[in-house]
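Read the single chain below, which is given as structure tokens and is the form predicted on its own.
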Amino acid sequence: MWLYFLKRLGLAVAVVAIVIAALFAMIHAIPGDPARVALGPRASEELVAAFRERIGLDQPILVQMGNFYVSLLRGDLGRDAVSGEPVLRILLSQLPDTLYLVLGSILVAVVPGVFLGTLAARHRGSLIDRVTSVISVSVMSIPAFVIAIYLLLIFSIELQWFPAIGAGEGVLDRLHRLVLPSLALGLAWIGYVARILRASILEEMNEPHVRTARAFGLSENRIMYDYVLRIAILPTITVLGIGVGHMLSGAVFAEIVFARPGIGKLVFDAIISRNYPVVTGAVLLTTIFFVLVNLLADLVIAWLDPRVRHDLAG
């Protein structure tokens, strides 16, 4: 298990390093001068040159990238090009709101998705199976930002059941305001979870150990929850690990539509103002979070199914 963990950890570090290199290349390919954007068109050339020197834009891109790698090892993500505040402090102040949103979206996707997938598999070919299939495909086909807009129009403006904007104050108020953004991000993933889990359960039901359990007279409920679901859930965990990345990108739309604070809204504002240090730090932080979630998903799969870690570590 430790060998498998070290291999996955090494791969995660390599992914982060490659993302940083690609990020620097893409950011510097964007036309326009961030110094001019930050200081305004009337700023003098001396002031622009001093600003570029302060945030390191006067150096070659490879030097900037190397300096960033060294600073990253010290836990330093640089300073905001406008306020001068440490980027890491800014990101950590916005990160909890985004994590709450992603966690809420995962709950929205998992709880109904597992229920519908299990229900469809146990009633294969029936009306229940067909209805759940239609529901799954329907929610998968709608973009998150469209769902967010309609949820806002119906439940906030028309019915006035939920607040329209903001993250709220206090636990209950925050949970109340988290419902619609979580639904907007997680609703489409209900279909993915349900369809993948249904197919996985049906495949697992034909395995020899399941037939042996039936031959010993075990009940269908015990077979399902003790033998089938433990293995059938593994592809769903993998999909959710990938889904976290999509939810993080979708958080930009949700945080803008519902006027919530968070990493997504921060990145959007930083791109508009060409604030390189904040954009780089935010993308790096979300990449690390995404990589860690997928690493955790791989470890959970290896823990539930020893065949995986034996094959990959061998």
Partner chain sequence: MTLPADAETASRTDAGGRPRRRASSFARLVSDPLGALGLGLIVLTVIGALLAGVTGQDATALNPIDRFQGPSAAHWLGTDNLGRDLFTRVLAGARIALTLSIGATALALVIGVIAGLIAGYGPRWLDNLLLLVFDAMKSVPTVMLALVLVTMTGPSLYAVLLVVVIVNAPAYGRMARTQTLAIRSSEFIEAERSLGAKGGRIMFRHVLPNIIGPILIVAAMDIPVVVGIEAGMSFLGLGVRPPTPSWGSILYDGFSYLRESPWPVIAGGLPIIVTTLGFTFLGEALRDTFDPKIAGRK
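Numbering follows the first chain given and starts at 1. Between two forms, the rigid core is defined as the largest C-alpha subset superposing within 1.5 Å. Source: prediction; values computed, not measured.
Keep in mind that the form predicted in complex with its partner chain is missing from the display, and what follows is about it.
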| property | result |
| --- | --- |
| Heavy atom within 4.5 Å of its partner chain in the model of the complex - residue from 175, 114, 146, 128 | 146 |
| Residue contact check: residue 152 to its partner chain in the model of the complex, 4.5 Å heavy atom | yes |
| Interface membership of residue 141, its partner chain in the model of the complex, 4.5 Å heavy atom rule | yes |
| Non-hydrogen atom contact residue 159 with its partner chain in the model of the complex at 4.5 angstroms | no |
| Contact flag, residue 48 vs its partner chain in the model of the complex, heavy atom cut 4.5 Å | no |
| In the model of the complex, segment of 106 to 114, 176 to 184, 131 to 139, 72 to 80 with a heavy atom within 4.5 Å of its partner chain | 131 to 139 |
| Rigid-core frame, C-alpha of residue 253, shift of 2 angstroms or more between this form and the one not shown | no |
| Post core alignment: residue 281 C-alpha displaced by 2 Å or more between this form and the one not shown | yes |
